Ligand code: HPA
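Single chain ahead, by itself, as structure tokens, in the form predicted on its own.
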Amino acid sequence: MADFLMALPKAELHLHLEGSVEPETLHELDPATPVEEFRALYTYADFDAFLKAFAAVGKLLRTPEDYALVTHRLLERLAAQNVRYAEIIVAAGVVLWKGQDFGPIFDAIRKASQGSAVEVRWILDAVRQFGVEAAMQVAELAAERTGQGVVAYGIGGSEQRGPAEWFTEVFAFAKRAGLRLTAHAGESMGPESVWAALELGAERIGHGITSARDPKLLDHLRAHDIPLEICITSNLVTGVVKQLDQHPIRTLYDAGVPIVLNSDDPGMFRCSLTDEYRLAARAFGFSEAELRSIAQNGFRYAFRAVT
């Protein structure tokens, strides 16, 4: 299985740049702070605690050069796993929240990706709980960069504190600008959150695991070929799934819902995309043929044709 997983061409469609940062990289950026302090930051009692830690990591990225370094480190790790393609989520909403100029940061990220063995495109992400105005600012940044590798717009953060219904006009603007649409939903809230994201026009659902509770939603996802971006380790670490054997990945797959495996925040969760495939095989009995099909979904449901 190890040899099979290494040889398997893979794609990442749900991968946060800031969440990829390992404690050791933070220490590289700030050698005066012991690495143990950064490791302690990566402990989460619940989902809200994770969101706070994610924001704290974002604050530690202070310059375009910092963003370039973490991009370089991430792409090295992806290439070592035979990841051929990645749509990397950049938390533009956090950059604006910090009061930073997004332009130089994005330019540095983009430059750092050039020459990588991994083909990269970008998704700009707004933070739900920051509200509609902040989300529209991110959509405008994304629209301005459709010719620079930005392929999609999405929303993340707290489903409860930023209901999807707020963002109808923002998503309509992004669609008119030629951006593809995605949304984190059905992670910490129930299937009603997924339905709301679909009403916005989301073409892929980040997580979406609570869809398993709603047979009509499962039928809808299957019939309309809408994929769920599944991140097993993430769901366990943030506590939205309490035990591994309670994760609904097998239920979703067996219901015919298209799924893609992803690492989400590999630095913050101490996992990798290869780990997610290995976990699917070990804990849920996915065969090599099934894993190959899931890997192919990563390319099939990419927001651009993969070369």
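Numbering starts at 1 and runs along the sequence shown. Everything numeric in this text was worked out from a predicted model, so none of it was measured.
Just so it is clear, the following notes concern the form predicted in complex with hypoxanthine, a form of the same protein that is not shown.
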request  = Identify whether hypoxanthine in the model of the complex is within 4.5 Å of every residue in the set E87, Y301 and F303, based on non-hydrogen atoms.
outcome  = no
task = Answer with yes or no whether G162 is in contact with hypoxanthine in the model of the complex, where contact means some heavy atom within 4.5 Å.
result = no
Any non-hydrogen atom of P191 within 4.5 angstroms of hypoxanthine in the model of the complex = no
inquiry  = Taking hypoxanthine as it sits in the model of the complex, is A53 in contact with it (heavy atom to heavy atom, 4.5 Å or less)?
reply    = no
inquiry  = I'd like to know whether R204 contacts hypoxanthine in the model of the complex, with contact meaning heavy atoms within 4.5 angstroms.
reply    = no
query = Quick one: which of 24-32, 278-286, 257-265, 61-69 gets within 4.5 Å of hypoxanthine in the model of the complex, going by heavy atoms?
reply = 257-265
message = Using a 4.5 Å cut-off on any heavy atom, which residues of 184-208 would contact hypoxanthine in the model of the complex?
response = H184, E187, H207
